[in-house]
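Just one chain follows, in the form predicted on its own, and it is written as structure tokens.
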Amino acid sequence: MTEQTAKRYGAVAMTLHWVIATAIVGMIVVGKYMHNLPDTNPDKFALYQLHKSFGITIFVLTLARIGWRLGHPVPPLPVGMATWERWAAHGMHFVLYAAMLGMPLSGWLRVSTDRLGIPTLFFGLFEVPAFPLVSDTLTMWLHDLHELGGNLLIPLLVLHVAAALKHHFWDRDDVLKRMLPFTRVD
């Protein structure tokens, strides 16, 4: 792996990017699957607990990623990139960071406000404290917000990947390579 330079991201930034990205895709797939399971399915409860644990993990890793990014400037975008593309790139990153923080928070608040009071067990190791407010209205609103966020995240991720591939294959610049481990950036 590499140290962060003016041309590419370093090992820490790349690792956090790819671990979080993989976890988010897994969360979306598992979230859709478990949501459609009948309540009588014995695996449903375990999947929800894993979903919550991975959500908390994504939240913590995102905080680490933001902290790392604040201390390690990102490589600049290509010189010839259009102004609208620069704004779109910065806007997309802002929205993705907001989702990486907002999705776990909305999920935690949703389960915290539920009258059922089912505890969140972080990978079975300890109980995550619940938000001290129980409200049927808030629970339903947060449930809808969390589900909407997950559904909106899918096209955002597709657009993010499409933009990276466009830079690689169409523009033939190093935007994608600088986040790929084991590649050279000229």
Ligand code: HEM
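None of the values given here were measured: they were computed from a predicted structure. When you see a residue number, it is the position in the sequence shown, counting from 1.
Keep in mind the form predicted together with the named molecule is missing from the figure; the text below concerns it.
This chain is displayed alone, yet in the predicted bound form one of L61, I28, A130, V134 has a heavy atom within 4.5 Å of the named molecule; that residue is I28.
The shortest heavy atom separation between F169 and the named molecule in the predicted bound form exceeds 4.5 Å. In the predicted bound form, at least one heavy atom of V161 sits within 4.5 Å of a heavy atom of the named molecule. Contact annotation for V185: none of its heavy atoms lies within 4.5 Å of the named molecule in the predicted bound form. In the predicted bound form, V74 approaches the named molecule with a heavy atom inside 4.5 Å. Contacts with the named molecule in the predicted bound form, taken as any heavy atom within 4.5 Å, map within 20-47 to A21, I24, V25, M27, I28, G31, K32, M34, H35.
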